[in-house]
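Just one chain follows, in the form predicted alone, and it is written as structure tokens.
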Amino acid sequence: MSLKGDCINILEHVLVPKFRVLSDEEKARLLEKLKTTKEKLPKILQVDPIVTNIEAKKGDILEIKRKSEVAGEYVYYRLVV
């Protein structure tokens, strides 16, 4: 873990999954593939420490990759509200 002044970078912690903000094109493809709207996606608050750290804004869709002993790696999505 690296330190930035007195702060720890939470994105580097071993238990924190990988987050990234989808582009507008990726959002459209995802919503079409899932046959849903962004409002029906699970939510994550804009004040969440991860969201503020990656500078995501309201309306962004985050791709979150988690590791699993059973599935290997799985991906899920959250709408920033």
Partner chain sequence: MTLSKINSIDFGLLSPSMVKSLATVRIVTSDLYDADGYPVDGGAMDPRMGVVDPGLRCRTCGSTIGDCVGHFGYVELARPVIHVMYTKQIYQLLKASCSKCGHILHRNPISLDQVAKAPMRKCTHCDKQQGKVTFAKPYTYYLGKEELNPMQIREWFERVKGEDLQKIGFRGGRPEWLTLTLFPIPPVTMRPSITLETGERSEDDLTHKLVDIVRINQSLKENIDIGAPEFILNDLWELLQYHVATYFDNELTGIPQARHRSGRPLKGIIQRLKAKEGRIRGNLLGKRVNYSSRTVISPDPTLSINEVGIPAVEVARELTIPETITTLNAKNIKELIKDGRVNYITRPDGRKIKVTDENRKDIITNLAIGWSVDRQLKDGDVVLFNRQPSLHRVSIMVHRVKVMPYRTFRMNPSVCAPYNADFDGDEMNIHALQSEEAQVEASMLMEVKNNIISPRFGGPLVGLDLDHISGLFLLTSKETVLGRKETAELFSRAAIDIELPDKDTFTGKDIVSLLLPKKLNMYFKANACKECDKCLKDECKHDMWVSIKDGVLKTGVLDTRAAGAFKGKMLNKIRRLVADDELKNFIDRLGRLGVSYLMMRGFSIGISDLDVPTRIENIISEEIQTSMKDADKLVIKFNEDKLKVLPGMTPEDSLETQILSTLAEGLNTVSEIMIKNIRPSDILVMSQSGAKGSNINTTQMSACVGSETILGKRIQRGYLGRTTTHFKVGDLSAATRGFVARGFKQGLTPFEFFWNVMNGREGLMDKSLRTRKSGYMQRRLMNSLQDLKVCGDMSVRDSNGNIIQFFVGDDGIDPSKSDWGKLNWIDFVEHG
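Numbering follows the first chain given and starts at 1. Remember, it's a predicted structure, so these values are computed and weren't measured experimentally.
Separately, the form predicted together with its partner chain exists; it is not shown, and the next lines address it.
Interface membership of P49, defined by any non-hydrogen atom within 4.5 Å of its partner chain in the predicted complex, is ruled out. Interface residue remark: A56 is not counted as part of the site for its partner chain in the predicted complex, having no heavy atom within 4.5 Å. Using a 4.5 angstroms limit between non-hydrogen atoms, L45 is distant from its partner chain in the predicted complex. Its partner chain in the predicted complex is approached by A71, whose closest heavy atom lies within 4.5 angstroms of it. Contacts of stretch 26-60 with its partner chain in the predicted complex, defined by any heavy atom lying within 4.5 Å, are made by L34, K35, T36, E39, K40, L41, P42, listed in sequence order.
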